[in-house]
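In structure tokens, one chain follows: the form predicted alone.
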Amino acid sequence: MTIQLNALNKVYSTPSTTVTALAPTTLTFTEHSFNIIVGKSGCGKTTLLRLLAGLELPSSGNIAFENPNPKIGFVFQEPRLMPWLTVTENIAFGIKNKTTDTGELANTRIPFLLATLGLENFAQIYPSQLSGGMAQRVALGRTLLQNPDIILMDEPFSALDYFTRHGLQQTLLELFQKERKSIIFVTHDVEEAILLGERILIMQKGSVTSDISVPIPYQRDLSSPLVINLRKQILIGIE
């Protein structure tokens, strides 16, 4: 699913001030690509993601999707699970009362997702009994069950400890390589950007200031000279 941004712009106005959250931006996101948007807090990363999701309307410009009715999945920073539903029911949430075909797909897809996300032994557990990492796995499973064309992810691992975050990064990479969904992933973590991205966009003050292709095969060694040079390039771009 190719996405074209044409002079996309978002301005927030109050009686006393005007804030440009996203300066006019023209970009293309190609199909089956893993794109990272990285930058400091307040640089416009989340605004761009919310515009792509249709959660915000642009002030000017537009977004053109290759398919006029794309299926878009959104993974938020917080899991946003329903506390009265089990893990399986939370993953299935959103497909109830849909077509029979969707229901039949879920019957085969849910066991696959439970196994892939390491949730097989937690299928009947409620959110209050889950760790933060497990809860985020459920949120990812809920999004994947929808079989979206595009997955938008807004700092989904930022609240997790290092080891849990690393495990989820590896799980996400495996899913990307297996299913080749188009992913646009927002983070402020340079290491995470390097580990995951095929392409890294750096944002500053509402503008995309650098567009970096990452020709380094997965799994990436953070101590390799190529990665060290890439880290320096990103850090210079963010400063």
Partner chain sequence: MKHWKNGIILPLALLLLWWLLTKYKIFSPYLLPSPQTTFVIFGQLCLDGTLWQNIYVSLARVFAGFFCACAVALPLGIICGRSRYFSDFCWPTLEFLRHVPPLASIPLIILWFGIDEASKLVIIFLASFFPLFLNTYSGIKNCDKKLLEVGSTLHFTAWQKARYIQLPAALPSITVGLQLSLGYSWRALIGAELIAASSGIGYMILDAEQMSRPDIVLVGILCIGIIGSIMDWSFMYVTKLLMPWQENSEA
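Residue numbers count along the first chain shown, from 1. The structure displayed is predicted, hence computed values, not measured ones.
Note that the form predicted together with its partner chain isn't included here; everything after this is about it.
- This chain is drawn without its partner chain; in the model of the complex, the residue among 132, 111, 167, 94 with a heavy atom within 4.5 Å of it is 94.
- The closest heavy atom approach of residue 146 to its partner chain in the model of the complex falls within 4.5 Å.
- Put simply, residue 72 is close to its partner chain in the model of the complex: some heavy atom of it is within 4.5 Å.
- Interface membership of residue 137, defined by any non-hydrogen atom within 4.5 Å of its partner chain in the model of the complex, is ruled out.
- Its partner chain in the model of the complex comes within 4.5 Å of a heavy atom belonging to residue 78.
- Contact residues in stretch 33-54 (any heavy atom within 4.5 Å of its partner chain, taken in the model of the complex) are limited to 50.
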